[in-house]
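Below sits a lone chain in structure tokens, taken as the form predicted alone.
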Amino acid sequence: MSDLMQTFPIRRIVEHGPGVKSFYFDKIFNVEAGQFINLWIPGLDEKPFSVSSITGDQIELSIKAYGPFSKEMMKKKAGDYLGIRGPFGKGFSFHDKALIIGGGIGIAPLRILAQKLKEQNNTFISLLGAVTRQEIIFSSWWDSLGQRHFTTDDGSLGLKGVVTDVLPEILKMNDIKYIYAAGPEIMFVKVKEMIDPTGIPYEFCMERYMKCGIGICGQCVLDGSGIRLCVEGPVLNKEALSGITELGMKHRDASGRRV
């Protein structure tokens, strides 16, 4: 890990659909599946993003346009220089007979997880959902991995609905020993409610407003647990998640208030 900000050029950009792109940089550090980096646009802001893949000698960041920073990222071109520091945080552990659950742009950090699981010959099933097919990034790549299930709100890919509509049947028909999830927190609430009675262990990749990335400012501390998401997270296991009292609540803004 390096907290030293350095600038690097964007090597290439892949557009997945309206407002969803992947940005590739030289592999300037080793990164664990689930860890994040801080990306800096000079004169604008600095924001955390999960690394979504390591492809050869490049790292990939997959970003969806939400606010001013990510919308500005959509204007960037190959060759533009951006600041990078990291990687930060704690990543996923690896287990066989796993189920990967992803929602929206939360699918991004699950791509590198799937790569690592495959490299270690661990078997897994993927359950991925989004509003439209364009937001299930790398859908053809997920297809190539074998067992996968897609859901979309509009029915444009896979089952019309959400991932939790499919989850009970997958758990019933498969010998699942471990579950990974990343996506909107309201999805976590429902997934947790459904899998806690089964006793299956799990890890969720969480998201909060982060500033320093090294555990000093306290901005990303989770209520009820004292966990600093940038240090003890962003990946939290079942035991760590059991102490959090704000799961599913609206996130705090830069001032620490819930909006």
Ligand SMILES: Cc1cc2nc3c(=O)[nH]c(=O)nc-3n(C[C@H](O)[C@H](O)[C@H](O)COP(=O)(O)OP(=O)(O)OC[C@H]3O[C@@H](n4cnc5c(N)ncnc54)[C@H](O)[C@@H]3O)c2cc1C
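The first residue of the shown sequence is 1; numbering continues from there. Worth saying up front: this structure is predicted, and the values here are computed from it rather than measured.
Note that the form predicted together with this ligand isn't included here; everything after this is about it.
Enquirer: Does the trio 47, 66 and 234 actually contact this ligand in the predicted complex, every residue with a heavy atom within 4.5 Å?
Expert: The answer is yes: all three residues contact the partner (heavy atom, 4.5 Å cut-off).
Enquirer: Answer yes if any heavy atom of residue 204 is within 4.5 Å of a heavy atom of this ligand in the predicted complex; otherwise answer no.
Expert: Residue 204: no contact with this ligand in the predicted complex.
Enquirer: Please check if residue 62 has a heavy atom lying within 4.5 Å of any heavy atom of this ligand in the predicted complex.
Expert: Flag for residue 62 set to yes.
Enquirer: Tell me, yes or no, whether residue 58 is in contact with this ligand in the predicted complex, where a contact means a heavy atom of each within 4.5 Å.
Expert: The answer is no: residue 58 has no heavy atom within 4.5 Å of this ligand.
Enquirer: If we define contact as a non-hydrogen atom of the residue within 4.5 angstroms of the partner, is residue 105 a contact of this ligand in the predicted complex?
Expert: So residue 105 counts as contacting this ligand.
Enquirer: For the interface check, one of 89-97, 172-180, 105-113, 151-159 should have non-hydrogen atoms within 4.5 Å of this ligand in the predicted complex; which one?
Expert: Stretch with heavy atoms near the partner: 105-113.
Enquirer: Hey, which residues along 30-46 are within 4.5 angstroms of this ligand in the predicted complex, non-hydrogen atoms only?
Expert: Only 36 sits within 4.5 Å of the partner.
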